[in-house]
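Okay, so here's just one chain, in C-alpha cells, the form predicted alone.
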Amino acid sequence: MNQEKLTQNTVSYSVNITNNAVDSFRISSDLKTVIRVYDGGCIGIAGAIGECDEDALAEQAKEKLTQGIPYPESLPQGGERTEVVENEFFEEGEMVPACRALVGELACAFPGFIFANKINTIKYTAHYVNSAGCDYCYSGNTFVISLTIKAKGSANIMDLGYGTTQNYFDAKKIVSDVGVLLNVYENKLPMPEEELPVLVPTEVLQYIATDMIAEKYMAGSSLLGGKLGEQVFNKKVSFNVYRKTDNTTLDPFFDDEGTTLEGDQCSIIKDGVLNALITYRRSAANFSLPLSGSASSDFDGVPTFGNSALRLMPSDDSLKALLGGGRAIYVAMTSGGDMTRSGDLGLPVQLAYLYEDGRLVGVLPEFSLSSNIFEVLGDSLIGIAKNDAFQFMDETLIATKMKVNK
C-alpha cells in the first residue's frame, strides 16, 4: 500500500485600511493536512484543518479505499529537497506603523483621493512526503498590497486600484507608482484617432488556458484540438508551468502530488508551439502524457489540475523599447470579458491611460476591445514585457493590436 502526505500552512498578517487610515490588524493561520493512500488501483483520502492526529487520519484514508475511487498508484520516487525563500519586510512589531506611515503619505500626496482595502504579508509552507522516500519542503513569503482608490466627490464605490505582490517593501516606490496613476488622472483625453497598440494584462490568457488541459483536449472540445506539436501562436509566446522559487506567487517547486520538473518548469507553449498539455497524475496516466506538475487538491478532495503556477513568459526586456518610445493604450482596469468557442474575445475597459514614451500621460474614455485570441497572440502580437512605467508594481503586459470600440 502506497501513502503520501501533504501539509500546507498559510499565515497571513493583514492590515486593513478604511478612509485613508489603518483601522485594524489581523493574523490568521490556515493549516491543512491531507493523507492519500493507494491500493488495488484505488485512492483513499482523509484531510483535516488545524492540528490533527496523523495516525488516525491515515486510518481514515485506508477506510475510504472501500469507496472504490480509481486512481494511479505510482508515486514520485525518492529524494529530499528543501527550499526556503523568505524575506524580511518589517522588523518585529513594525508592520502596522510602517503601513500607517505609508497610508498617511499617500493621503498627503494625493489629497483628492480616498484609499482603502488591505496590505498583507503572507508566509506559506508546504511539506510533501511519501512511502517511496520523497521528502520535499518549501517555505516562502510575499508582500501583497491591494488598494482601492476613490476620487473625493465621486459617486462610485471605487474609481481605480493599485495592487501587486513583491518580495520586498519600499514605501517610496509605492507612492511613486500611485502617482503614476493619479498625477494624470484628471487629464481626460479624447480617444486617439489613429490605431494604437493596446497593452493588456496577461490575465487574458485565462480565456485560452483551459483549452490546454489534457481532459478537454482529449475530449475534442479544445480550440487547440489536434494541434499538439504545432505552431498555434506567435513565436514570442511561451507559457510555462513555472515552479522556480524566485517567484512571488508562493508556488513551491513541487505540485500537490509531489511532482517536480526538470529545471523547475514545463513549457506548455514554447515559442508559439503547443509543446505539452496541462496534466496531473491521473490525466497523465489516462492519456499516456508526461506530467506537467499541475496537480492541485482540496485538503480532502481527489487531486485534479490546477493553474496557480502558470506563467506567460516575457519576450522582451522593456515595454518602452518594445514600442520604440511610441504611444499605446494601457488597459488599467477591465472586467466582465468573455470569449466565444470560436476564440472571439470581448473586453469591456473601465479605465485606460494613454501610454507614451514609457509613461502614462492621461485617461481615455471608456471603451471595449474585440479581436480573436489567435490574432491577439498571433500576427497582431508585438511582444510581452514588464510595464516599466512603474517602479514597484510587478506587471507583465501583452502588447498587441485589437479593435477599439468607442
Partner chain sequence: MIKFRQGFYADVRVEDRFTTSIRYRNGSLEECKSSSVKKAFIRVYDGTMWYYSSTYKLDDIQEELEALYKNATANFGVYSTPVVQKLEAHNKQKLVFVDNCVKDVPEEAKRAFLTQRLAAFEGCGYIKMTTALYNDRYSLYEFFSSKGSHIKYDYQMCGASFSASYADGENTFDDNLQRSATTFGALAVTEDDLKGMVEEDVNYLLNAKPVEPGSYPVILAPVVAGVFAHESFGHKSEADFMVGDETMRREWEIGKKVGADILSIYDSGLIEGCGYVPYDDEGTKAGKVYLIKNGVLAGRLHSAATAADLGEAVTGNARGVSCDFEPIVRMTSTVIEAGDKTEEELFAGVSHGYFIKGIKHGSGMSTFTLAPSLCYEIVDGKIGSPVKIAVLTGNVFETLNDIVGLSDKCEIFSFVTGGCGKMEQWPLNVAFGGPYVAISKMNIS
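Residue numbers count along the first chain shown, from 1. Computed from a prediction, not measured in an experiment: that's the story for all the values here.
Beyond what is shown, the protein has a form predicted in complex with the partner chain; the following relates to that form.
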- Taking 4.5 Å between heavy atoms as the contact cutoff, choose which of 242, 124, 299, 169 touches the partner chain in the predicted bound form. 299
- Heavy atom within 4.5 Å of the partner chain in the predicted bound form, from candidates 183, 154, 249, 74, belongs to 154
- Which of 129 to 137, 331 to 339, 186 to 194, 102 to 110 has heavy atoms within 4.5 Å of the partner chain in the predicted bound form? 331 to 339
- Tell me, yes or no, whether residue 362 is in contact with the partner chain in the predicted bound form, where a contact means a heavy atom of each within 4.5 Å. no
- Item | is_contact(residue 55, the partner chain) in the predicted bound form, heavy atom dist at most 4.5 Å | no
- Is there any non-hydrogen atom of residue 215 lying within 4.5 Å of the partner chain in the predicted bound form? yes
- Message: Please determine whether residue 158 contacts the partner chain in the predicted bound form, using a 4.5 Å cut-off between heavy atoms.
- Response: yes
- Message: Contact check in the predicted bound form: 3, 88 and 165 versus the partner chain, with a cutoff of 4.5 Å between any heavy atoms. Do all three pass?
- Response: no
- Task: Sequence order please: the residues of 108 to 126 with a heavy atom within 4.5 Å of the partner chain in the predicted bound form.
- Result: 114, 117, 118, 120
